[in-house]
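Two forms of the same protein chain are encoded below as C-alpha cells; each is given separately, as structure 1 and structure 2.
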Structure 1
C-alpha cells in the first residue's frame, strides 16, 4: 500500500530489512523484566500535524487516515515490522504450485466487535467496495484477479475469480488471470464487516460506498480499538475493543492528536503530554537530553521528493527532460541533507529506498551532484535564455515561473521549498514556495489538478515494492473523467511500463528477487534519466516515546503491529 506523506510517521501519500535500534534519551531506559505482568489502563496519545480524511480503508490516500484504519481494522496478513515478510493475521494463506490460486482461511477465533465471526464474505465485501468505488486509487492492485475488472467496469455482478467454500464460510480461494508476483501482499485487501458495508456493494449499487456514513463513523471493527469520536482538526478518540479476538489491549484509549506543527510534537514529548510521535532531525539533539523519553531510530520505508507536473500548462518548461535534469543539478541536495535534515537521511536518485530489496545496487545511476554551470547549460539547450529582467524565458517570450507547493506545518518541507526556490532563482527561474494544508494538497495531486506545478511531499511505501500504482502510465489521473490516481507527474514511458509489468507479471513466470530486481533496475534507470521527480532523500525515522510506554518496538515496516501488547508502567 502506498500513501502520500506530509511528515514522517504522521501523514503520507498512500504507496533489505532493517531492525529498529533503541536509543535512550537523557536517562537510561527503565529495566522492565520480560516476565513482568503488563499493567492495565491508561491512554496513549500519538501526535500528528495532519488530520485524517476518512476511516474507510478503501479510500485511504494518506498515513494519517491509514493510522486509524490500521488500529480499527485488522488485515488477513501482516508484514513483519523488521523484514516486511507477510505472516498470518486474520487468516492463513497457501499458494498453488502454478502460483495462480491463493487459498485463505479466517482464524476460527476472529470476531467483529459486535460478536459476529469474520468470514470469507467480509474479505469479498472489501474487494467489491474497491470495485464499486469511483474514488479509490486501489483498483490496479486487484486487476489480475479473474473477473475483477469486469466487475469494476459494471460488466459483471460478481467476481468470478473468488470462490467461497460452501462447506466452510471462513475459507475462500482467489484465482489470478496470470502469475502476479505482488499478489501475496496485494490480496491482503480490505476486510470489511458485511453486516455494515454489504448494502453498499449489491448488484444494483453504484458508488454509494464512497459516501457511506460509516466511512467516517465506523460502527463495527475487527482491530484492537473501536471508534469513539472524531473532533475534526483536533483529535480522533479510540477506545479499546474489549472483545478483540487476540485479547483486549492493555491500554484503555488511543488518541490521535492533531497539533499545529512539528515543534508542537517535540514540545509535547518533552512535557509528557504526548506519549509518542516522530520528530524532525533538527530536534534530535534537544530531545536526547530529555530523561523521560526514549528514541527509536530506523530507516524510513519512504522518501521526500519534489514532483514535477510535466503536463503543467503554466510551467511549460517541466515537459522537457533537459529542464528537469537542470533542476536536479541546480539544487544542492547533499547540502540540504546536511543543513536541513542534519545528516539524518540518505540521498535518493531512484524510487526504491535502501530498506527495500528492490533498491538498485546493480546499475549505475546519475547522482546529480550540484553543478550550477551544467544546470545553466541544460536550460540554454532547452531554449531558455535570460530576459531583460534576468528571468529565463523561452522563444515565445514566456517567463519561467515556478511555484513549489508543500504541506504547511512541516518545517523541514517548508525549509526545503524555500531553499529550492532560492537556488532556482540563481538559475534565472522565478521560483517561490507555497505551503498549504496537507489534505487539500493530496486531493489536488490525486485528482490531477493542473494548477500544481511542483510539489514537495513524500511516499510511505509498502512491503511489496511493486510501483505500478504510482508509475505505470495507466495510473495518471484524468480530471475530465473524474479518474483519480497517483501518477500526478503525467510522465509516461513505454519501456518503463514494460519493466513494471515484467516485474509484476513476468512472461517467464519467474518471481525470484533476482529476476524482479533486474526489471526494477531498468525502471529506476529510466526514472533517474528522465527526472519526473527530484527524488530527494529517505529520512531516518526518529520515533520518540515516553519511558513509561512498554512493548513499543517500531520498525521500518510498522510501528503499531503489536499495539494490543503496549502498556503504561505507572
Structure 2
C-alpha cells in the first residue's frame, strides 16, 4: 500500500507532458526544446478569470495579482517549482545553529531596472511597508521578527531585529524572538525598490503605502518583465525587462488577459486567442482533440475535503470516531473522482499532499478503500441501526440526518456534495446536499456556526507545511466568546497539538526537514485515524498551452519560475 502511494506521488511530481495528438513534430518534449536555440520575440497571453487587484506585493491577496507581482518583482528566495524547497534567487541565506538568526546577502549581479543595485535596504523597505500598511493581511507572518510588532503598532521607529551589515550594504541579519521553522519561507518577505517606496515608509509616513500611485503603476522592477499598461478589467501588459539580472527573457511581451469564466479560457485556447491557461477536468477530453495545444498535468498544492462538525448538536453521530470512519469507508472515492473530476485527481487520506515534503511516507496510513459492509458494521458498533423507514437511528431514537454544505457556483463541489449525499443514503443516512453562497459559508465556518454538519470546501497549501492555523486546538472557534478560527471541525487531540507545536517551534531548535517530517507523520497518522475530515482528493492541475510555446515547464509550486527561458517557435 505504501509503495503504491509513493509511486503515485512520484508520478505526480513529474509534470506529465502528454502531447494531445499524434501530429508529427508537435509535442515539444523538454529534451527537444533544450537542444534547439531559442528564438527571440513574440508574445505570451495567459488567461485569468479575475482581474488583478493591485501590483503592490504587500497588499496582494489573490492569485491574479500574485502572478503579476511575481513577474515584475523577484524575491530573495524562490521555492523549487517541483519540490517547494527554498533556493537562493536575489539573495543567499544562512541560518545560525540556534535557528534564531537568519543572514541574507544579495547577489552581486542583482539590479533594478533603473540600474541601481539591489541592497539590504530594499528588503527592509518591504518589511517596513507591511508594518506601515493598514490593509495588508500579512502582518502576522512577521510577528516573530524581533521588534516588528512594536514598529507596526507605531511604538518604535525601526525594526530592532533587522541589522544591516555596516560594511556591506547587500548583507543583513534578521533575529527571531523564538525558533520558528516557517521563518525561512516567511522571511522571503517582499523586496521593494527603496528609491520608489522608501518615501512611504519614513518615520513620519502613516498608511500612504496602501494608496501609493506606484501600486497601480510600478516604475522600477527587479523581475524579468516590466509594467507597461493595465487596461482595467481587460488585460495587463508587461514588456520584457531587457536588463533583467538573470538574462533578458526571449519573449517580448507577457499579457495577462481577463476572461469571464472557465469556458472562455477553454474557448480561447482552442482558437489560439490565448497562449496558456489552466482548464477544468470536464473540458479536458474536448481540449485533447485540439491538435494545436499541449497539456501539462501536475498535482495541485491543495485538496478538496468534507469536514465533519464533530460537535454538531443535530448530527450527533459525527462525534463518534467510528461513524466518521464509516463515512470514509462508505464513499467510493475512486468512483467519485471519476464522476466528479473525470479521474483527474488523487484520493487523499492525510492533510499534507504528495507534492509537499511533509507528505507522510514513513508511516502506514489507512487508505479507507471503499467497503460498504465495513462501513455498516462500524455504524452498528456505534449504535446506529436501521429504523422502520430504513433510516439509521440511535438508541434514543434520533434519526441520522446529515446536511452536506458547500459553496454554490462551484460545479465540481456541488456535484461532489450531490454524489456524496447519494452514497451516504445507501448507508441509511438521511443525507442531503445544500449549496450556499461562499461568503455566508465562510462566515459560518470561521465563527464555528453550530448549524453546519458537514462542509465540502478546499484548502490551498503552501511551500511551508505548518498546519497550525487549521489543526491546532487553539484555532477552534468559540461562538460564545466570539473567538474565531479555521478549526471548524472542533476536533482536538493533545498528541496532535504537540506534534504541530514541535514542528513549528521545536523545543530543541531542530528545524531540519527530517525532524519536522517525523512530527508531521505523527500528526497525519492521528488525523488519518480520527477522520475529522474525509480528506477527499487532490486535483490535477491541467495547464494547456499552444504547441508553439517552448520551455514551458509548470509545476505544483510555480508555473512561471523560468519565464525568461520561454520562447515562441515561429
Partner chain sequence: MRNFLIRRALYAIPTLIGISIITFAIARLSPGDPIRLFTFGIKDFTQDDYLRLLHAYGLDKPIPLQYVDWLSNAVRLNFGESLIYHREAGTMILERLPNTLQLAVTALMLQLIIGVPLGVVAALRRGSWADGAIRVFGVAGHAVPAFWLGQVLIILFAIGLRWLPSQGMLTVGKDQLDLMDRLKHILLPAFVLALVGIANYSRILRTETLDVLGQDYIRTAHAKGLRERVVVYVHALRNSLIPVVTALGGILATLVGGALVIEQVFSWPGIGQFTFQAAIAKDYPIVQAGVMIASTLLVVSYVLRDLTYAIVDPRIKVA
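Just so we're on the same page, rigid core means the largest C-alpha set that superposes within 1.5 Å between forms. Given the structure is predicted, the values throughout are model-derived calculations rather than measurements. Residue numbers count along the first chain shown, from 1.
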Matching the form predicted on its own against both blocks gives structure 1
Which entry in 274, 406, 392, 540 lies on the hinge of the chain, given the rigid parts move between the two structures? 540
Degrees turned by the smaller rigid body between the two structures, as judged from C-alpha superposition: 33
What Cα shift, in Å, does residue 358 show between the two structures once the core is superposed? 4.5
